[in-house]
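Shown here is one chain on its own, the form predicted alone, set out as structure tokens.
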Amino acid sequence: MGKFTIIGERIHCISPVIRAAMEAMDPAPILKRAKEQLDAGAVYLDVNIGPAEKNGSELMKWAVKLLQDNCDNVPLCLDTSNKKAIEAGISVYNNAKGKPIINSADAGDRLSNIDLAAANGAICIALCAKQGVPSDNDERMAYCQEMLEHGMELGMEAEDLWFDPLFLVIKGMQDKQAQVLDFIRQLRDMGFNSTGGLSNVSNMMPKLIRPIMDSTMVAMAINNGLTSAIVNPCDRRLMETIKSADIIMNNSLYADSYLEI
């Protein structure tokens, strides 16, 4: 297990500021969010343009070029349900600092995103689900195996499939959290990379509580073998927890200044 990989989630069309910037192709708000996340410790930046049915290819190309040209070829996670937009983004992508990540495939309608990753030398986030929430970890593992076999048949390396256990909202699914942690441990024991949208767990909680819950969950998940997460790197409590966990797991060398690194 190597150093934890932080994927910054804040370039997302759900944000009114980012949505307006994408519609106008205004670089300033997007570059501001990118710099904030990179300064806070993000390794990858997730670029979520939504379905982008009208101009997805043009928009994703523009976003990839904008971010990589201005942020020293920062590696990106291309996040959209528009496959042509992902292909367009990859066509202008510079992999000097890391392969592109496709976010995401599943064992159902999005299985072909693994084909897209295999054809383009990309990493693919593989959500261990087909339709809705898996009923248990046996079901998660069946989907995991199905996607792994599919990717390997296409020539992918297992390390380029980052399995997502599907982090669940605590409010309404509190009894499922231990199950998710157990599945992460199973993935670790099999030698697989794992990731996911960790902030889902605190969805609908008060703003004051969310950083507490997210940082606790990430510490427990890292202890069980989580290798990456899609998070808000500008959440200071969360980042302090991740950096401290990397020290304790012996993935980073301790220095008194480790929180500033």
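Just count from 1 along the sequence shown to find any residue number. It should be emphasised that the depicted structure is a prediction, and the values quoted were computed from it without experimental measurement.
Absent from the display: the form predicted in complex with a further copy of the same chain. The rest refers to it.
Student: Looking at 80-88, 149-157, 177-185, 102-110, which lies within 4.5 angstroms of a further copy of the same chain in the predicted bound form, counting heavy atoms?
Tutor: Single hit among the candidates: 177-185.
Student: Using a 4.5 Å cut on heavy atoms, which of 52, 38, 213, 31 is close to a further copy of the same chain in the predicted bound form?
Tutor: Spelling it out, the residue with a heavy atom inside the cut-off is 213.
Student: Which of these residues, 230, 64, 42, 217, gets a heavy atom within 4.5 Å of a further copy of the same chain in the predicted bound form?
Tutor: Partner contact (heavy atom, 4.5 Å) among the options: 217.
Student: I'd like to know if residue 245 sits close to a further copy of the same chain in the predicted bound form, meaning any non-hydrogen atom pair within 4.5 angstroms.
Tutor: Flag for residue 245 set to yes.
Student: Determine whether any heavy atom of residue 97 comes within 4.5 Å of a heavy atom of a further copy of the same chain in the predicted bound form, and answer yes or no.
Tutor: Answer no; every heavy atom of residue 97 is more than 4.5 Å from a further copy of the same chain in the predicted bound form.
Student: Please tell me whether any heavy atom belonging to residue 24 falls inside 4.5 Å of a heavy atom of a further copy of the same chain, as the geometry stands in the predicted bound form.
Tutor: Output for residue 24 is no: heavy atoms all beyond 4.5 Å of a further copy of the same chain.
Student: Against a further copy of the same chain in the predicted bound form, would residue 237 count as a contact residue? Criterion: heavy atoms within 4.5 Å.
Tutor: Yes, contact at 4.5 Å.
Student: Taking 171, 252 and 258 as the candidate spot, are all three within 4.5 angstroms of a further copy of the same chain in the predicted bound form by heavy atoms?
Tutor: Contact check passed for all of 171, 252 and 258.
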